[in-house]
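Before any questions on binding or motion, here is one chain by itself as structure tokens, the form predicted on its own.
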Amino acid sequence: MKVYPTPTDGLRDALRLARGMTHKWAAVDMDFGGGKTVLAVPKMLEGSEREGLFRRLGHVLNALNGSYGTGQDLGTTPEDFTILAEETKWVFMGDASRNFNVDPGPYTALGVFACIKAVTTKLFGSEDLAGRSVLIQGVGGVGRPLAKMLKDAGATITLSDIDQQKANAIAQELGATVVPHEAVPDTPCDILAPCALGATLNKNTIPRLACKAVAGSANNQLETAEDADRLHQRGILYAPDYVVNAGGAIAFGMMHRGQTAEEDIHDRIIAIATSLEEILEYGEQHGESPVYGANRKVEQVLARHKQAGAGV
């Protein structure tokens, strides 16, 4: 749910996000399809207006008769989904068997954390984060728990958020520093972790980047396909976003199938790093952006499912 300049911008984002979801499921080889709900609102809604919107969304989902289900993401809350679940069963909330509404943020953060260690190993020959600098762009549902994990692992943390007051409060709690959101591209760090809105890596920001690698949870971090090559030409290692941010999707997918043991979920999420390592190695061997190897893996998985008649 987001305020867009025009409805067309919301539609464009929905198409980009739906494609990203298809790639995300395929990249982790889970046989779900791909789609995305975008609520393009004129302002951020509260109270009865917000509740009414989610109840109407429930009726739309019911009309699709199970061909699509939705889950929590940017601009929405577990409370929103509690309301939505009163109108439709086609909603991913966590452990339905226990009527348990789960926040996907910490699961996504766990996957990002595992991938940052994989990137650190690629860059420096060790996954040890002690003394490594990470700039987290966006300290919401994913960025905040990620910051805590990185701090506990000994990394030096810099935070940035459009909400400066929130960033300052979390920085004080964790002993981190804060930079203004407009200064993120110019701030030196080992790894930049975009954890807010997409399209932040583009022809204007990439020439300014002062990081060695990018690995974060934001969807559609590249504004255009050409931006992958721009990063590669600058020698900045890019971990494909739809691989790195798959933790929340994996957790909800497993819970949806009745696999609710936390240890099993954590193990499956941490295994994202192994897939990322293979993608990074492939990119290095072929002298190209890791995006191309990730896309090839997605295409292979989709082709296999189509051939098997899974309808992915």
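When you see a residue number, it is the position in the sequence shown, counting from 1. Since we're looking at a predicted model, the values are computed, not measured.
Another form exists, predicted together with nicotinamide-adenine-dinucleotide (NAD); not displayed. Remarks below refer to it.
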inquiry  = Within 4.5 Å, heavy atoms only, one stretch in 78-86, 160-168, 230-238, 119-127 touches nicotinamide-adenine-dinucleotide (NAD) in the predicted bound form. Which?
reply    = 160-168
query = Is there a heavy atom of Pro185 no more than 4.5 Å from a heavy atom of nicotinamide-adenine-dinucleotide (NAD) in the predicted bound form?
reply = no
Close approach of Lys151 to nicotinamide-adenine-dinucleotide (NAD) in the predicted bound form, 4.5 Å, heavy atom = no
ask   = For Leu174, is any heavy atom within 4.5 Å of nicotinamide-adenine-dinucleotide (NAD) in the predicted bound form, or not?
value = no
request  = Answer for Asp73 alone: is it within 4.5 Å of nicotinamide-adenine-dinucleotide (NAD) in the predicted bound form, judged on heavy atom distances?
outcome  = yes
query = Which listed residue (Ala213, Ile206, Val178, Ala218) meets the criterion of a heavy atom within 4.5 Å of nicotinamide-adenine-dinucleotide (NAD) in the predicted bound form?
reply = Ala218
query = Since the partner is left out here, which residues of 135-164 would have a heavy atom within 4.5 Å of nicotinamide-adenine-dinucleotide (NAD) in the predicted bound form?
reply = Gln137, Gly138, Val139, Gly140, Gly141, Val142, Gly143, Ser160, Asp161, Ile162, Asp163
